[in-house]
Every structure is written in structure tokens, then in C-alpha cells.
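Two forms of a single protein chain come next, each set out by itself as C-alpha cells; they are called structure 1 and structure 2.
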Structure 1
């Protein structure tokens, strides 16, 4: 079973990225043949600063390796190191109905948020389809908000197969229902767009200051509190084991426990969880040749599979 995931390098990774995508992606190493790519071509739809994109791409590589990605068990690479994906995207585009793309909510959502409408943004789902199909992926883990893109990929693959003969594996989305929405400092979904994030590898002093700014209600210290409605607890339980969660729940409901206490507990458990990752990241940052070697080897493995699929697709349409 081949499992594919990708992440855009469009800024510093944060706790929402870690619990929503990174941690589940790392678990895939145990479940099948995992492919994970840094989607720097996709990031170009919103990032037009070359130096920033290059640095963000590098930072994503460091972050994943620091958090436990094993390059022996995961094919880890930059999207831009597999040029075959672009030719396949063109071949897929010839069977992609305009109406299919016009119905994609991601394009409308991004334009509504101020991203300039462009062909790249509009055709994003076709490139994503090429990313998935070129490795004959069986499973694509996604959040519910990304399910439509996998459905579009399936529609394109089926149409291509019907038109030119069996060429692509039809992928299945794996909806990660168990991953809760990670709240940001203001209670909205943690997102760079909202400026409400806690960075994975930011300065710990700054991270502490941001955690202490998490919005809470105005209940006084002595009054019992409901952990189910508290953003601080929602973040804490992502790190905590069962005993730690039960203890904090009891503290909330027992009274004489303030939100300041909860925030300090969150700082402590966040620091404990990421301390070994920070140490590993510092080692990797001091050894850029190793990181580059991991990405290059991953790209070689990815291109070997991509070339097989592209050759098959080229023969199917009659240009090889």
C-alpha cells in the first residue's frame, strides 16, 4: 500500500501543522510505503519571494527530520526535484473539465482571502492530481477540508483511464476524523492566515509569551471551570497522557485553579515535548549536507516511480 502526503512550505510550521498533518504523516511510516513531499511548486501560488520560499522549504525539511521522520522508511523529497510531475499535469489537464475546477471551493476561498486569482491557483487541483497519480498512490490522508481535492483527483484519473486505457491507480482519501481542529491563540483554527499560531521551533521565550496570551473567559480563580470549552485545555490535551488530562480536568472543575495556572502547565508540557526535537533540529542545522543528501536520495526514489507512470501515460496518449 502506497500512502502519499504533502505539505506547503508557506511559512514557519506551528502546532496546528504538527497535530493536523505532521504527526499523522509520521505515523504512516508504520502503515505502508510512505511518500512525503514538500510542495514548493504549490506554495508559489501564494509566496512570491524566492529567498523566503527557499528558506521555508529548507525549514520544513529540518522540522520533519527533527520530529522523527525516518528517510529509510519514508520517501522524503522536494516537489521541485521531480520535474516529471509537470508533464503529467499537462496530460491530465486535457481531460479535466472546466466545470470540475470551477466547483473547487479552495480557489474561491483563497481569492476571498486576498490571494490574487491566477491560472496557477485555478489549476492547483490538476497539479495536485499529478502529485498523487504519478506515484500510483493508494491512500491520501487528508483533513475533511481537503477531501474535495482527492475526489477531483479520482474524477480526473477515471476520465483519463476511460479515455486512454487503464493508466492510473484510483486513490482513496483517508479522512483523519480523529485529528481535532487545533485552536489558535484567539480560539479560531490555528493558522498563519490569522496570526494566531505557536511555532514549533520558535524562540521558547516568545512561545511562552504567546501561550500566556491565549484567550479565555473571565471566570475568577475560585470558580469552577469547564475544560470542554477552554482553548488552553484543548491544546494541553493534545500533549498530555490520560493521567495528565484527568488531573487538569479535576483542577478545572474543583475551583481555585486559574487560567494562568493552566497556561503555565501548557508551557511546561510543550517545552518537555519539543526539547528533544529542538536538540535534534540544531544538530541537523549544523549538518546541511546530510539534509540535502536525504532530499536528493528521496527525489531519486520518487523519480524512479514517477518516470514509470509518465512513460505509461505518454504511451497511452500517443506521444511515446
Structure 2
């Protein structure tokens, strides 16, 4: 079973990205043959700053490798290292009805947010379909916001297969419903755009200071507290094992345990979990040649698959 997902490189990753996107992506490598790529062509639809795109692409690669991506098990690569997807995107676009793209919420939402309505932004789902179909992917794990794009991919693949003969595997989206929204310092969804994040690989002193600012209610030290409604606990439990979680719950309910104590425990568990990842990241940063080689090897494996599908599609339409 082939499982494929893509991540847009978009700035410094935070705990919301880690628990909402990275950890599930890293679990893929245990479930089947995983393909994971950095969608830098897609990022170009919203980032027009070459130096920044390059840096963000590199940072995502370091972040994933530091957090445990095993490049032997997962085919890990940059989208732009597989130029075959563009030719396939064109072959798909000739069977893609305008109406299908016009109905895409993501396009409408981005335009409403002020992103210029370029042809690239409009055709984004066709490139995404090419990403998925070129590897004959079976399962595509995505957040809820990307489900429609996988449905569009299915429609395009079915239409192509009907018109030109069986060429593509029809993929299934797998929606990560179980991943809860990670709250930020102020209790809203943690997000770059709200300035309420705790960065994964930021300066630890700064992260500690930010954790100490997490908003809580004003119950005094002695009073029992409810873990279910507390942002500090919501973050703590993401890191904790069963026993640690139960102990913290008992501390909250027992009274004489203040939010300051809970914040210190959160700093400690975050520090403990990320210390090895930080060390690994520093090591990778000092070895850019190794990281580049990992990405190139991933791209080589990906291209071998991509060119098989592209050949098939070229033959089907009468180009080859």
C-alpha cells in the first residue's frame, strides 16, 4: 500500500504543526510504503520571495529529519526535484472541467484572504492531482481542508481512465480527524497568523518565557482546578505518557497546585522530549551535504516511479 503526503514549506514550525501534521506524517512510515515531499511548487502560489522559499524548504527538511523521519523507509524529497509532475499536470488539465476547479473552497478562501487570483492558484489542485497520481498512491493522509483536493484528484483520475484507458490508481483520502486542534498561548488555535505559537526549534529560553505566559483562569493556589478546561494541561497531555497525565490530573484536582507549577512541568517535558531532536537538528545543520544527499536520493527513488506513470499516460494520450 502506497501512502503519500505533501507539506508546504511555510516558515518556522510550531507545536501545532508538530502534533497536527508532523507526528501523523511520521507515523506513516509504520503503516506502509510512505512517500513524503516538500511542496515547494505549491508554496510558490503564495510566497514570492526566492530566498525565503529556499530557506523554508531547507528548514522543513531539517525539521522532519531531526524529528525522526527515516529516509531509508520513507521516500523523502522536494517536489521540484521531480519535474515529471508538470508534464503530467498538463495531461490531467486537458480532462479537468473548469467547473470542478471553480468549486474548490481553498481557492475561494485564499482569494478572499487577499492572495492574487493567479492561474497557478486556480490550477493548484491539478498539480496536486499530478503529485498524487504520478506515484499511483493508494492513501493520501491530509487535514480536513485538503479533502476536497483529493476528491478532485479522484474525479480527474476517473475521467482520464475513462477517456484514455486504465492509467491511474484511484486514491483514497484519509482524514486525520483524531488530531485535535493544539491551542496557542491565548487558547485560540495555535497559528503563525495569531502570534500565539511555541516554536519547535526556537531558542529554549524564549520558549520557556512564552510557556510562562500561557493564559489560565485566576484560581488561587489552594483551590482544586479542572484540567479539562486548561490550556496548560491541553499542551502537557500531548507530551505526557499515561502515568504522567494521570499524575498531573491528580495534581490539578487535589488543590495546592498552581498554574505556575503546571507551566514548569510543561517546560520540563517539552525540553526533555525535544532535547534529542534539537541535538539531531544541530548535527544535520552542520552537515548540509548529507541532507542534500538524502533529498537527492529520495528524488531518485521518486523519479523512477514517476517516469513509469508518465510514460503510461503519454502513451495513452498519443504523445509517445
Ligand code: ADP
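Residue numbers count along the first chain shown, from 1. This is a predicted model, so every value here is computed, not measured. The term rigid core refers to the maximal set of C-alpha atoms that superpose within 1.5 Å between the two forms.
- Remark: structure 1 matches the stated condition (the form predicted on its own).
- Here residue 254 counts as shifted, since its C-alpha moves by at least 2 Å between structure 1 and structure 2 after the core is aligned.
- Residue 263 shows a C-alpha shift of 2 Å or greater between structure 1 and structure 2 [criterion: core-superposed Cα displacement of 2 Å].
- Shown in the overlay between structure 1 and structure 2, fitted on the rigid core, is a CA shift at residue 85 smaller than 2 Å.
- Aligning the rigid core leaves the CA of residue 226 displaced by 3.2 Å between structure 1 and structure 2.
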